[in-house]
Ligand code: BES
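Next comes just one chain, in structure tokens: the form predicted alone.
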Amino acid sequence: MKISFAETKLPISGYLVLLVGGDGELSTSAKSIDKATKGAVSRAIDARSFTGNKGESLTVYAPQGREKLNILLLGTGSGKKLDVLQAQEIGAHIYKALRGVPATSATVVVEAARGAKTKGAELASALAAGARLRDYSYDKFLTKAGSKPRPTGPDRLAFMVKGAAAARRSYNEFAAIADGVDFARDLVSEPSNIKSPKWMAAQCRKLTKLGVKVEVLGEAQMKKLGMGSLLAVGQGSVRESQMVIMRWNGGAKSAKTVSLIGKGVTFDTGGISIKPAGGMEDMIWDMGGAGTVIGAMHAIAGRKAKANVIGVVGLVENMPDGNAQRPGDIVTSMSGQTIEVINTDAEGRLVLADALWYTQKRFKPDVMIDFATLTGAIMVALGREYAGLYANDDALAEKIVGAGNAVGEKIWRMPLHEAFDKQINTPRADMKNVGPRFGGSITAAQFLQRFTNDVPWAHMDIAGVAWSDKELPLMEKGAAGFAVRAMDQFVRENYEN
């Protein structure tokens, strides 16, 4: 869908979207249209008891005086309290309300309520952003022969607003971020018969067009580096494991460096500790952490952020063949620390252990943040609403949670404590890869902390939010691209120079 902005000029044909606040008061433009249609708009509101509640819609077809015009009234709720995040949700409602209408274009008239928090260009940009995010769908495998076509709306959406140039500048920067979100969604949605580690590495290479430097390590190189922990996970698969390093150097050489590290298990059977069959198809998105990192790098490079950011993803497939690692195996990580493998389905932390160590040893970053669909335990704790955040630095945790709040991505800080760390000790090795039943997300984070060397570090367990089984305000069911926007915001707020 193409989005454009222009100064206010009411059309005389096509689809026109008018925003109506929860108090039912019409904007100046709506009053003008009502007058031109001899009261058709106000009569329709009265007849349908239209209240202007958030997301409520009403269509007035071919009113007298404007017979070539169809008018969509869309409720915003309290116009005075409408902030940027709420405006994005209204933009998504606009897209949904227009889906399926027989028109190639539609015009949205943007006028803020008197005393509103979000006005003019900022409001228009936010509405457009919401429509842009809601427009995504993954339908590349739907064929004309076997599936009903997805309802589509207008190809073009124009926003009429005073200050159109400012709205356009603001939206264009957001569009680069949305491209990163959609890239992450595509990666997470791809079926695993296609999505091998090498396929993922090839997708990462596409970022070179944005100016990202991309380097790929194969198994021979990782073996030489001593990455026995990561390689053990993929040894049961015929598909070669990969590690991809992405570097965006948009800041000064002396500027601080942010490193983002992602778990990329392209399919997770659980290995020898095989998962139950029911729901195993969901494991196509067990590389969601890597998807977040790759999407964030796409967004940051796409908007030419003045910051230095490194993305590292460990890409493996966890399969149960005759060469797969076994429960009871002991592997040696790149750090030299040994790990007793109690459960081969606790594989993501083995991948991240070597990725974290490699990142800090090679790049000496100022901060490391890792992302992983790591544990079912985080969903027991936080449901499907929040990502769980662990950090060894209070200021870092506060900044990440704040960035999430700023973009509407919910992140909740969880505890780290020595008592949990002791639960992964074992007499046979330096540590084991799982603790006892309770607190499983915490002991997983404690495991990762042993590979951070006190570098300011945070771990985000996104198992509950990387994929949604229900429609959300800004997206359909499916891959969420979670934390791409939060990480872009985090970099913007704290590391741009």
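Keep in mind the model is a prediction, meaning the values are calculated, not measured. Heads up: residue numbers just count along the shown sequence, starting at 1.
The discussion below concerns the form predicted together with the ligand, not included here.
- The candidate spot formed by D286, R349 and M379 lies fully in contact with the ligand in the model of the complex, as each residue has a heavy atom within 4.5 Å of it.
- Contact check for D186: no non-hydrogen atom falls within 4.5 Å of the ligand in the model of the complex.
- Contact check for D268: a non-hydrogen atom falls within 4.5 Å of the ligand in the model of the complex.
- For T373, a non-hydrogen atom is located within 4.5 Å of the ligand in the model of the complex, even though that partner is not displayed.
- The closest heavy atom approach of A44 to the ligand in the model of the complex falls outside 4.5 Å.
- Scanning I33, A458, A463, I442 against the ligand in the model of the complex with a 4.5 Å heavy atom cut-off leaves one residue, A463.
- Only one of D182, D345, E122, D329 lies close to the ligand in the model of the complex, with a heavy atom inside 4.5 Å, and it is D345.
- In short, of 337-345, 320-328, 76-84, 392-400 it is 337-345 that has heavy atoms within 4.5 Å of the ligand in the model of the complex.
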